[in-house]
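Shown here is one chain on its own, the form predicted on its own, set out as structure tokens.
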Amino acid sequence: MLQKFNPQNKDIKVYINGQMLHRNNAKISVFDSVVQGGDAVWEGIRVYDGKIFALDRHLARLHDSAKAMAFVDIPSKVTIKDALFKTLKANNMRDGVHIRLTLSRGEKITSGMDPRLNQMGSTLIVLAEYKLPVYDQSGITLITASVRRNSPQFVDSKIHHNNLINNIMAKIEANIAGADAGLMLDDRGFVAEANGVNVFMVKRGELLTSNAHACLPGITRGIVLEIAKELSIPARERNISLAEFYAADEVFTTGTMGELTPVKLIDGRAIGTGTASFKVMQKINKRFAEWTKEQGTILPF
């Protein structure tokens, strides 16, 4: 499902290191680490009805990722919150908004890999756009990608970094196959996640999701597990094979960009009845929508 340009975003202002710039002028240096080597961390965050949802969780993960990558100059959470508030206020945005928050290691004094060349401080970018969930709630299709998801022996997937080449390669495979996303396996052949979202399945009333061995333990994924506990839905994390997903009663994906989305087909196999009428997912999704209204950091304007 290809996203389309939203005319509401024609004149948005983007925050870059304290400056508020029109989207046409929002540029960073060719010496910035995100350009030089994808050396940055990021978060996708949503705004619902005047509240930034799960903001503290996102900022905690951003800080954890930056620390794991040995960033020297990490802006405080207060500083980042202020940048978010300023950006949303400058654009008069209060609802139906997705924020791409990026923190790079910063600009280098000359091109090169060595982080000691980064002597100008980190680069903080806040890109807020009007963007509804990107997946069709009538259901999406997945194909198994040949590209494997990173395990901790390579680049730990718990680091939410900007080097997304393996995910992009999986998405290319899905595009060629006419599917919506690529389902990625780990180094042992168990299902890890799709190229941009976590995956859940339901079998005989039990909710299952992959161990966070080679998948990003997503914010929405964590919230879904909390909601399941609240609703007394049996749920656990474990290694899950592809065959188990094929035979699932329900499969759905989770992520900030797409929220909760039913999966109709995996590798040509219909999931459940193939109609995406998933009772357990719908029950969780209803409560998730309530959470987005009940919780969040209230915008100060």
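Source: prediction; values computed, not measured. The first residue of the sequence shown is number 1, and the count goes up from there.
Not on display, but discussed next: the form predicted in complex with a small molecule.
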Contact segment among 168-176, 139-147, 194-202, 111-119, judged by heavy atoms lying within 4.5 Å of the small molecule in the predicted complex: 194-202
4.5 angstroms heavy atom contact with the small molecule in the predicted complex for residue 216: yes
Close approach of residue 256 to the small molecule in the predicted complex, 4.5 Å, heavy atom: yes
Residue contact check: residue 61 to the small molecule in the predicted complex, 4.5 Å heavy atom: yes
4.5 angstroms heavy atom contact with the small molecule in the predicted complex for residue 221: yes
